[in-house]
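Below sits a lone chain in structure tokens, taken as the form predicted alone.
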């Protein structure tokens, strides 16, 4: 039986990296006595995969992992037993059963929603709303993207599906597919460049921005759908 688990990562847990999060859940599943399936071979491991690794320093209300279990009583029972093992800052939000032929979450991620704001004292000294509206009105937004081996100029505008700024909060829907993944800080790097901001606290993006990933989506004929929407309670 394939299950998809949605969880939140809040507070100081934002400083825990992806590999440690994986190890945490491996132990949590054993503590919760979930009847998880294991791979075969010399070094068996739990059949578990994550949708999209969350960057260190970011919080989230919409993280996903898929597991395979040999048996399970109900969605609520698994949610309850896992939440009883969670530490502060981690919460299981939902558990759904997937169709047997469903693809794993990692392979179908298409987009993600983010809620972002400047940390107090790190805001740029500009009219943020008008400048952000102008920034988004561009047909193309060119930025230098660094890879492990080189640098190249890319147009990130097509990867910004939705964006707005109101009441001090940026709401963005960005491409998150494996071949087209746009990090939120790249958007703000481009925004700084557009505004001609080259110094000041707001350019220290890892410190200046409070980034919360709200949801992760797959895409079908009807548009974007939250990953939990591809399964159902049992």
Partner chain sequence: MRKLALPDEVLLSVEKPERYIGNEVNMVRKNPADVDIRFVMCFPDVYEIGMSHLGIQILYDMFNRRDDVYCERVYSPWKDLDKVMREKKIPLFAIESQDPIKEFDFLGITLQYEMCYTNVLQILDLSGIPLMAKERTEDDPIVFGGGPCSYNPEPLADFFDVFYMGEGEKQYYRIFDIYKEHKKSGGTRKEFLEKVAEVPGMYVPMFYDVSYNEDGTIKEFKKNNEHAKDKIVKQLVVDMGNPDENAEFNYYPRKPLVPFIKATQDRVVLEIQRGCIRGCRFCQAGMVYRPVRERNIEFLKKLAYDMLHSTGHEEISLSSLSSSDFSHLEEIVNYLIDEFHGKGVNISLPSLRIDAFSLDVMSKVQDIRKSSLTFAPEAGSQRMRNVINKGLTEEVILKGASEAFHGGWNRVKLYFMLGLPTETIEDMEGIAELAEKVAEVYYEIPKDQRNGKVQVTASSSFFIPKPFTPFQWTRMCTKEEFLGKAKIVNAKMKMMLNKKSIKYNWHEADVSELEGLLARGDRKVCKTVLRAYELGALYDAWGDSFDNDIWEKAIEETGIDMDFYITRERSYDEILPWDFIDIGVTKKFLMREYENAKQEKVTPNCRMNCSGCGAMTFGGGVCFEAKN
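Everything quoted here is computed from the prediction, not taken from an experiment. Residue numbers count along the first chain shown, from 1.
Not pictured, yet referred to below: the form predicted together with its partner chain.
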(request) Report yes if any heavy atom of residue 200 sits within 4.5 Å of a heavy atom of its partner chain in the model of the complex; otherwise report no. (result) no
(request) May I ask you to state whether residue 224 is within 4.5 Å of its partner chain in the model of the complex, using heavy atom distances? (result) no
(request) Check whether residue 171 has any heavy atom within 4.5 Å of a heavy atom of its partner chain in the model of the complex, and answer yes or no. (result) no
(message) Is residue 142 part of the interface with its partner chain in the model of the complex - any heavy atom within 4.5 Å?
(response) no
(message) Can you confirm whether 65, 72 and 183, the three residues that make up this candidate site, all sit within 4.5 Å of its partner chain in the model of the complex, judged by heavy atoms?
(response) no
(message) Please pick out the stretch from 128 to 136, 86 to 94, 147 to 155, 160 to 168 that is in contact with its partner chain in the model of the complex, where contact means heavy atoms within 4.5 Å.
(response) 86 to 94
(request) Could you list which residues of 160 to 189 come within 4.5 Å of its partner chain in the model of the complex, counting heavy atoms only? (result) none
